[in-house]
Each structure stands twice: as structure tokens, then as C-alpha cells.
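Next up: a single chain in C-alpha cells, the form predicted on its own.
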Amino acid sequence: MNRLFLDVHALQTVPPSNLNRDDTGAPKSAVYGGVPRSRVSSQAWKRATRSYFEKQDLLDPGELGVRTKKVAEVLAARITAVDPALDEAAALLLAATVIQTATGSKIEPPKRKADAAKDGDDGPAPESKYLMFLSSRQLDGLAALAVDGAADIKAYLQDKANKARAKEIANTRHSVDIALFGRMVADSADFNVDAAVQVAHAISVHRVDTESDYYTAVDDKNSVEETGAGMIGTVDFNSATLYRYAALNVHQLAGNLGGGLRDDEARSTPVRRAVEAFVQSFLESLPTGKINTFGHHTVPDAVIVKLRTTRPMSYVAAFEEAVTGTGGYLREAVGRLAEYVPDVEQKYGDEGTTVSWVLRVGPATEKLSGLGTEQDRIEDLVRSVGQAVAERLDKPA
């Protein structure tokens, strides 16, 4: 298969906010180029990207998965949907047994909750020890298998063919989010899926110092005789112009998706659908930390997307020396990219096969206009990228 890498770069300014907190409640930070920067972890933006798929209906629910420790409850609900005659307890037992056989991971009631339920209460539902990521199609397949063996599920799964079938269901036809972001099961390495996407921690292109907001809240029912706030507190925040970067290994994505999510479509079709959904979701999504406090709903002002055959290439080094603009950071950051990208591409890139697109907002981003084919709207960018990926995948190696 042709090697294909999709690089997505973005400059995005966020106002006072706390998108991603550390263990003290302060915005995450990092030192880069010897100065403190604002940082948003890759985990935070991956979560936002995955959630955006469903929130914006970018993908059919059947193409998505569920990542949870409560996988037995999720599967039990599907089992009772297939066979309503099974009660909840029977469905949970079937679900736990099938998942344990299929994945090799223990599915059992959490010990602490089980101890707390000894006084006559119903015990807790069984859970997996780790977050379990299964696609909708995998869950449907396991539910059908469980119902088929419901009469004696342990004896049913002792049959080699049925056991192999359970493992096959759980490890084929991955959902788009599993194919993109991967799956790790500590107890069963052969059940893992290598991620096709690598997301960098977003960092500010300039120095950032965290500030603290002292706030008070008024008690609406407070009598006139009583003074003072009903509640006081502080919340840490900062503002930043972030450089964001993600690298999508397209041929890995195609391998993870396998033959496709639908039986009647070409191999490149589900890959194109997944790539388009990822590009739009990564660019438009936003971590929601303290969103009700800060309302930091911004989108990137500058986007560069490159489809290449050599290797992924981040442009973060353009900001190793921190931007120091006094009237805003975006214009100078754009200038840095406009100088750095052609230089590094000429030295290390593959200009002959690389395809580039630019999406930009406002006069401060004009210097990017020569770095790729300009797109008028996000929809045009997404469609152009998807079409190029499909054409490259369909081209003979």
C-alpha cells in the first residue's frame, strides 16, 4: 500500500481560559525554548476530537465505539435488546463471560464497591479493570454470540470454534475512532490496535504566565441584614496563541479499518470518510475545561494541511524562539511559519509529491497565502483532502 502521511497544523488564539487543568487546578504548562508556555495535552484534544464526531453527526453511530470500564453493562443492554426474555442479571453474566473470553481481560465487580454492598444490597455490576474500547459492530457481534450460547455460556465458549469466533469479533471491523486513536489492553497485547493518529501537545507560541481570578457569588435569598458573598473562590487561567499539530498515518488507518465498515463500498471509501471526519473534528473541536466560566469558543485562524509520502513533519521549531509581539501574537506567528515552512520543506520535504492546502482568516494571516492551495471554507478543505487521500489510495503502488 502507498505510504501516506497527513500533517495538520493550526494557529489558534484562545482568550482567558483554563482548557486543561493540572493536579492543582491550574492550566497545564511547559517550558519550550527556555520560556514557560501554555500547554493543552494531546489527551485533552483527542477526547475533544472523538466527542465532536458524535456531537456534530460527522459519522454514523455505527462507525463509532465506546470506551468504558462499564463494558459489561453496555453489552448487557445490547443482549437484552436482542433477547428481551433475558433479565438484567442473566445478561450481565453473559456479557462478562463473553468479553472475558474475547479479550482476555478480567470482568468482575469492583472490590471496593462489592465490599460496600455486603449489607444486603445488590452487588455492583462487573467492570473491566481498564478502559475497554469496543466498536458498535463488535458489541453487536458479541451480543449475538452471547444470545446464541445463552443456555450454557461457559460450555458454549469452551468450544474452540466459538471461542475463536468471539476473539475474531472483538478484533476485526474496528470503528473509526478505534482505528484513529488505537486501543491498548494491558492483559492481552494481541488485542491492541496501533493508533493511526499522533497528536502533539498544543503549546503557546509565546511566553505565558498564569493568572488567578478571585470571584464571589451572591446568595439570591440573602436578607438585607446580612452582608457578604454566599461563596468566594479563585480560578487560575491564561490566554494564548497555540500552535497545534497532528500527524495522521493514512496507510495505518487503512490497515486498522480493514475491509471497510460497510460491505458494499470500495476500500478507500471508509478511509476517506474517516480522514475527512478527523480533519474537520480536530480543527473545530475544543477541550471544554471551565467552558461555562470562560466561554472560550474560538476556531483556528490559520491552517496548513499537507499530504506527503516521506514522513510526518511538525513546524513547532518555528516557535522555539518565543514570539514577543506587543500588539498580539498571531501576525508574527504567521510570519514565522511563512519563513520556516518553505525553508524546512526545501531541505527535508518532498516537494514533488507533497500536496498542500491553506485555510486562513483575516489580514494577519496573508503571508500564508503562498504555502498551498487556498480554501474558502472548512468544507472545501475537508473535501479536497478527502479526495486527494482517496485518489492516492486507489493509485497502484
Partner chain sequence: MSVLLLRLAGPLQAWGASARFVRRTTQSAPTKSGVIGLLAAARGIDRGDDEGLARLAALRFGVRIDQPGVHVRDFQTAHHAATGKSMPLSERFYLADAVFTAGLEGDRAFLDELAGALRTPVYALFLGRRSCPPDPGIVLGVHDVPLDAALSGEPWRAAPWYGRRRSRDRTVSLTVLREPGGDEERGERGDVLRDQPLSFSAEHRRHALRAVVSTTVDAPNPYARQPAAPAPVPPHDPLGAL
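The model shown is predicted, which means the values in this text are computed figures rather than measured ones. The term rigid core refers to the maximal set of C-alpha atoms that superpose within 1.5 Å between the two forms. Residue numbers count along the first chain shown, from 1.
Quick note: we don't show the form predicted in complex with the partner chain, though the next part is all about it.
Of the options 210, 158, 288, 310, which one has a non-hydrogen atom that comes within 4.5 Å of the partner chain in the model of the complex? Contact check passes for 310.
If contact means a heavy atom within 4.5 Å, which one of 289-297, 230-238, 315-323, 149-157 is the stretch that engages the partner chain in the model of the complex? Residues of 315-323 come within 4.5 Å of the partner.
Taking the partner chain in the model of the complex, would 5, 23 and 43 all count as contacting it (heavy atom within 4.5 Å)? All three within 4.5 Å in the model of the complex.
Give a yes/no on whether residue 55 approaches the partner chain to within 4.5 Å in the model of the complex, heavy atoms considered. No, residue 55 is distant from the partner.
When the contact criterion is heavy atoms within 4.5 Å, does residue 83 count as touching the partner chain in the model of the complex? Contact check for residue 83: no, nothing within 4.5 Å of the partner chain in the model of the complex.
Can residue 357 be called a contact residue for the partner chain in the model of the complex at 4.5 Å between heavy atoms? Contact with the partner chain, no.
Applying a 4.5 Å heavy atom distance criterion, does residue 198 contact the partner chain in the model of the complex? So residue 198 counts as contacting the partner chain.
Looking at the partner chain in the model of the complex, which residues in 51-82 have at least one heavy atom within 4.5 Å of it? 67, 69, in sequence order.
For residue 73, is the CA shift between this form and the one not shown at least 2 Å following rigid-core superposition? Moves: yes, 2 Å or greater.
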